[in-house]
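Let's start with one chain on its own, the form predicted on its own, as structure tokens.
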């Protein structure tokens, strides 16, 4: 079992008794080969499935399963509860002329494809899906890419692999008279995310949400279960679109460097 999956299981113990039967919740580690494990889990008629930090491998078969099966994707940055407030703050000021910086710091062992997918999932949660993506530069420790959302907001993606600072993610949007910035620390710490909006009247720090991303994912699963969601595979469809975008961009870059 991965460390991330262990953390999600621990978070399950913090939820109230009204949560769906914990014995019926299945956790699927997002290691390579996870679509096979997910298919197996979906066939057991679970109360819900949490797909933990999936790697970017293409998949289709799980999407043909019963849509009443609830699958929640637990992603390191997008699952942070602050993304809900951040989505309202960023979308309130973003225009088709806006440019957003999306920067993540990850451990050297993290592959760029997974880190880039995590960024796309975060941007989808805050601003909408990335429909165009082009990788511009890759080195041993850094990756830089440029993208565009479905609302024509330009995104600058950067990834740094290092142990010099803890893992983190940051989004920043500059406006004519201020900025909006979201800072998300590693989910392995107790630090909350920080959402800061700067305008003519000064800086405003959004209410702090002391909840880990893993717990937020489980709470969302509970809400979908309570609402009797008729489309439990929405997360999976969004994930597949982001996987396709990620792998296509990296594939195009690799082909261009070998010409």
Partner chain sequence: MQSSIGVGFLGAGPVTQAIHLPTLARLGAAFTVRHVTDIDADVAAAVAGRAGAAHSTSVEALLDDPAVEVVAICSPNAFHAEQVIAACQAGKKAVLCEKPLAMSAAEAAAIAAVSAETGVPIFVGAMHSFDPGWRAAVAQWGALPRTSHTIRSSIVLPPNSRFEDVATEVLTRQPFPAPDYSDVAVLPGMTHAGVMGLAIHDLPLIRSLLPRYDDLRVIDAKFLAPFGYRILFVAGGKSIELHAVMSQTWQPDWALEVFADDQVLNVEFAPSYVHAGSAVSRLSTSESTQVFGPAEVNGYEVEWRELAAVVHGELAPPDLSTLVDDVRFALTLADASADAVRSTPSAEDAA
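Note that this is a predicted model, so its numbers are computed, not measured. Residue numbers count along the first chain shown, from 1.
As for the form predicted together with its partner chain, it is not shown, yet the points below apply to it.
Checklist entry - Can you say which of 121-129, 155-163, 184-192, 76-84 gets within 4.5 Å of its partner chain in the predicted complex, counting heavy atoms only? => result Going through the listed ranges, the match is 155-163.
Item to check | All of 109, 113 and 114 within 4.5 Å of its partner chain in the predicted complex, heavy atom check | outcome: Judged in the predicted complex, none of 109, 113 and 114 sits within 4.5 Å of its partner chain.
Item to check | Contact residue in the predicted complex, from 203, 36, 234, 226 (heavy atom within 4.5 Å of its partner chain) | outcome: So the residue touching its partner chain in the predicted complex, by this definition, is 203.
Checklist entry - Might residue 96 be said to contact its partner chain in the predicted complex, defining contact as any heavy atom within 4.5 Å? => result Outside the cut-off, so no.
Checklist entry - Is residue 174 a contact residue for its partner chain in the predicted complex, using a 4.5 Å heavy atom cut-off? => result Answer yes; at least one heavy atom of residue 174 falls within 4.5 Å of its partner chain in the predicted complex.
Checklist entry - Does residue 151 reach its partner chain in the predicted complex if we count a contact as any heavy atom within 4.5 Å? => result Residue-level check for residue 151: no, no contact with its partner chain.
Checklist entry - Taking heavy atoms and a 4.5 Å cut-off, does residue 105 contact its partner chain in the predicted complex? => result Contact with its partner chain, yes.
Checklist entry - For 121-139: residues with a non-hydrogen atom within 4.5 angstroms of its partner chain in the predicted complex? => result Sequence-ordered list: 136, 137, 139.
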